[in-house]
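Single chain ahead, by itself, as structure tokens, in the form predicted on its own.
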């Protein structure tokens, strides 16, 4: 349904001698129809950047994004805007996604106004249906963002995200800023909406237990690369990095020489001279893993 092919993003820093910071490094990724792919990894691993690239909110330095067999990277702004109706994002910080000067009604109605697809009566009826669908009272529509709780605000953002019946949503740490008591209800809402509306999710999180609950497949990201992907990743991890995330193995000192090969070399307890060369992604038993340990299998 949506596929990223050899995606890379390099940010330049410095005024005189520019240095390239690699945020995403040659990633292949695919999310199928009505599927949830959880993307896990430490902060700074490139998860959010990859999610924004798939929506073309961030332009890739190289690579392609294919959505419903259309190469988004080749589209002009107008055609891309039309397709964006089918792709949305639920951000980590809902308070940053809404205009503080607008009532919540206007924030939810904004997508209809941008795309000019509803009259005033239809808009009002649809907004009321959306607010009920996410489990909120219509009375909240008259309030401003600062007048509601974090959990209510996230539900408003979800209502706006599903307003145009999207096929694909990037959920970027959608519960990380919420109280523990509220997190479960928001996750249950997202899963219920997925079933009702037949959507696909890229669910970005650092919470491994949550990823295991919501995902059909899990992808593990490290230093801009997906190092392992598939079903049962957290129950039977193959890559040494995934094993360290789960506490199965202990990373070694960061004092080792940084190679041109595997990015996890410095910390990997399984490293060998082979790892001085960049590993390829290996397909095995429905899993994909980027590691020399499995190159001969």
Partner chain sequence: MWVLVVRDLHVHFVLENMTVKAVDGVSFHVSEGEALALIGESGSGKSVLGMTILRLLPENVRVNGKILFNGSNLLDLSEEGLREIRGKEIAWVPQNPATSLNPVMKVGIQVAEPMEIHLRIDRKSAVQRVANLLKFFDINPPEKRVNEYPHQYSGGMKQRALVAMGTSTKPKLIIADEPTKGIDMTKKVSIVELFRKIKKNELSLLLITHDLPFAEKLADRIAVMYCGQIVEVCNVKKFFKSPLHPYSKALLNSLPSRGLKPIKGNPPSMVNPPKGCKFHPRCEYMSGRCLEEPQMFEIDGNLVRCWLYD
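We call the rigid core whatever largest set of C-alpha positions still superposes within 1.5 Å between the two forms. Values in this document were obtained by computation on a predicted structure and should not be read as measured data. Positions refer to the first chain, counted from 1.
As for the form predicted together with its partner chain, it is not shown, yet the points below apply to it.
>> Please identify the residue among 71, 96, 82, 192 with any heavy atom within 4.5 Å of its partner chain in the predicted bound form.
In response: Of the candidates 71, 96, 82, 192, 96 is the one lying within 4.5 Å of its partner chain in the predicted bound form.
Name the single residue among 187, 130, 109, 202 that comes within 4.5 Å of its partner chain in the predicted bound form, judging by heavy atoms.
-> The residue in contact is 187.
Evaluate residue 122 for contact with its partner chain in the predicted bound form, applying a 4.5 angstroms cut-off between non-hydrogen atoms, and reply yes or no.
No - in the predicted bound form, heavy atoms of residue 122 and its partner chain never come within 4.5 Å of each other.
Notebook entry, point to check: Wondering, does residue 62 line up within 4.5 Å of its partner chain in the predicted bound form on heavy atoms?
Noted result: Output for residue 62 is no: heavy atoms all beyond 4.5 Å of its partner chain.
Going by a heavy atom distance of 4.5 Å, is residue 166 a contact of its partner chain in the predicted bound form?
Taking the distances in the predicted bound form, the answer for residue 166 is no, it never comes within 4.5 Å of its partner chain.
- Query: Would residue 183 sit within 4.5 Å of its partner chain in the predicted bound form, counting heavy atoms only?
  - Reply: Close contact exists here: in the predicted bound form, residue 183 approaches its partner chain to within 4.5 Å, heavy atoms only.
Site test, 30, 196 and 223 vs its partner chain in the predicted bound form, non-hydrogen atom cutoff 4.5 Å: Not a single listed residue reaches its partner chain in the predicted bound form, so no.
(message) Just to confirm the contact call: exactly one of 158-166, 109-117, 122-130, 85-93 touches its partner chain in the predicted bound form at a 4.5 Å heavy atom cutoff, so which is it?
(response) Looking at the partner contacts, the answer comes out as 85-93.
Though the partner is not shown here, which residues of 24-49 have a heavy atom within 4.5 Å of its partner chain in the predicted bound form? Those in contact are 42, 43, 44.
Legend entry - Did residue 179 shift 2 Å or more between the shown form and the other one, C-alpha, core superposed: After core superposition, the C-alpha of residue 179 moves 2 Å or more between the shown form and the other one.
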